[in-house]
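Below sits a lone chain in structure tokens, taken as the form predicted on its own.
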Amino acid sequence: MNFDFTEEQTLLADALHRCLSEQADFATRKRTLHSDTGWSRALWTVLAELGVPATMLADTDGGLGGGAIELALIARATGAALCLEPIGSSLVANLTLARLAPAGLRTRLAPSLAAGTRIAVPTFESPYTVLQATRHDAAYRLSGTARVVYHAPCADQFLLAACTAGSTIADTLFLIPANAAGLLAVPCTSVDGQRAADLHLTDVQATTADTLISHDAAAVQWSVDVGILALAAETLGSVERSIALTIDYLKTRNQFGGPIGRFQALQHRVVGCLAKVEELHTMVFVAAARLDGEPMLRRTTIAALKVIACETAQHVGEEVVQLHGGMGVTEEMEISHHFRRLVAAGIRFGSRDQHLAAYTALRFPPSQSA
């Protein structure tokens, strides 16, 4: 499989890395983290001018026509920078809109989403989200709770996945406004400091104009897989940055008459981390290449990707903190913020064990193993 990026993809990644290094360094991020909103509207505006929100939308809808590779490259950069802005969430929603929404809905919302003046985020990444859609004449009534919706406080639209009558899994996608009647958002802060909210829906009305797809569980699963890919790519960026910070620390931290990086035991631990990261890097871009391919292959790849992402996040997170010693858990050290981001990544979109069970069921169905 060819992992070479096109010139346009390389330019996108380089421009984003440069922008984030200039506009969202660690000192700036710490101020943003403790601000009232917990994210920077100014940085979001700069990213919108760079074309980040527009990347996932079709060129016919005012976007740039990007796909899974572009999604992974952007998420990787934002993970390395520990961005607090709704970048990954909005790209998942925008790509879902571009691929699944009817023309009328795209025409109505795509221009403002592309410009960044409207922000949409998905609500289905928590395994504890259970929403029911009940048909009432020409509209649906949505009820239930979506737990810990990342970036909900800054969203204008929510991408909801719900079960219709007779379905035990989510089979319909809706895009509803954040100020919809019957929707109550209870703000919270995640373990990694990002702003989120629990959404409580009571008979929220969704018309056909708010419906992306209906009675298509496979399409809903595709959008969830997009979210898993984005999160894994973000995790990749975070672990890569964590190892770079750790190597710099080992080179400059002096003890026992010299830098501690000269000790072979510590070097071996870093090499072990690098091997795990290389495995995750490969899986992220294999999954991106297969996102629009054969459904069964995509599903098994995404399940395997989430397992590897969880294992890499845990292994690298624990190692880099230990290699920093007590300093590794202090608020002043960037590495502690990456550690918390990696802990949160292991929970979002389901745990390692859940995806390992899903992979096993897909690869070895009961009929084959009997």
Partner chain sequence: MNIELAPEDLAFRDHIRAFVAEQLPAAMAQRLLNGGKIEPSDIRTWQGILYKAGLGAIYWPAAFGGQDAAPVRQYLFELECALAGAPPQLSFGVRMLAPVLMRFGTTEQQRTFLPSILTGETWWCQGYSEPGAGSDLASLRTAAVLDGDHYVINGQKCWNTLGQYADWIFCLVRTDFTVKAQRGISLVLIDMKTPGITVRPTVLLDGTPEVNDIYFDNVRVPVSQRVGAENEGWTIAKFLLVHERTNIAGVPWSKRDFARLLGIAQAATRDGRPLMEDASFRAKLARLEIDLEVLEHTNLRMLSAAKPDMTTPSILKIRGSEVRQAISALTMEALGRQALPLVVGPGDAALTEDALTRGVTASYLNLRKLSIFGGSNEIQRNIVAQSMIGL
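Numbering follows the first chain given and starts at 1. Nothing here was measured: the structure is a model prediction, and the numbers come from that model.
Another form exists, predicted together with its partner chain; not displayed. Remarks below refer to it.
**Student:** Among the candidate stretches 268 to 276, 136 to 144, 205 to 213, 93 to 101, which one is within 4.5 Å of its partner chain in the predicted bound form when only heavy atoms are counted?
**Tutor:** Stretch 268 to 276 is the one.
**Student:** Of the options Ala54, Leu43, Val307, Leu33, which one has a non-hydrogen atom that comes within 4.5 Å of its partner chain in the predicted bound form?
**Tutor:** The residue from Ala54, Leu43, Val307, Leu33 that makes the contact is Val307.
**Student:** Considering non-hydrogen atoms and a 4.5 Å limit, which listed residue (Arg298, Arg106, Arg241, His281) is close to its partner chain in the predicted bound form?
**Tutor:** Of Arg298, Arg106, Arg241, His281, the residue with a heavy atom within 4.5 Å of its partner chain in the predicted bound form is His281.
**Student:** Hey, with its partner chain in the predicted bound form, do Leu12, Asn179 and Asp292 all fall inside the 4.5 Å heavy atom range?
**Tutor:** No, the candidate spot makes no contact with its partner chain.
**Student:** Contact with its partner chain in the predicted bound form for Arg18, defined as at least one heavy atom pair within 4.5 Å: yes or no?
**Tutor:** No, no contact at 4.5 Å.
**Student:** Taking its partner chain as it sits in the predicted bound form, is Phe339 in contact with it (heavy atom to heavy atom, 4.5 Å or less)?
**Tutor:** Phe339: yes, in contact with its partner chain in the predicted bound form.
**Student:** With the partner left out here, check for me: in the predicted bound form, does some heavy atom of Trp222 sit within 4.5 Å of its partner chain?
**Tutor:** Because no heavy atom of Trp222 falls inside 4.5 Å of its partner chain in the predicted bound form, the answer is no.
**Student:** Please run the contact check for Pro111 against its partner chain in the predicted bound form: heavy atoms, 4.5 angstroms, yes or no?
**Tutor:** No, Pro111 sits far enough from its partner chain in the predicted bound form that none of its heavy atoms falls within 4.5 Å.
**Student:** Could you pull out the residues of 175 to 194 that have any heavy atom within 4.5 Å of its partner chain in the predicted bound form?
**Tutor:** Counting only heavy atoms within 4.5 Å of its partner chain in the predicted bound form, the contacting residues of 175 to 194 are Val186, Pro187, Cys188, Thr189, Ser190, Val191.
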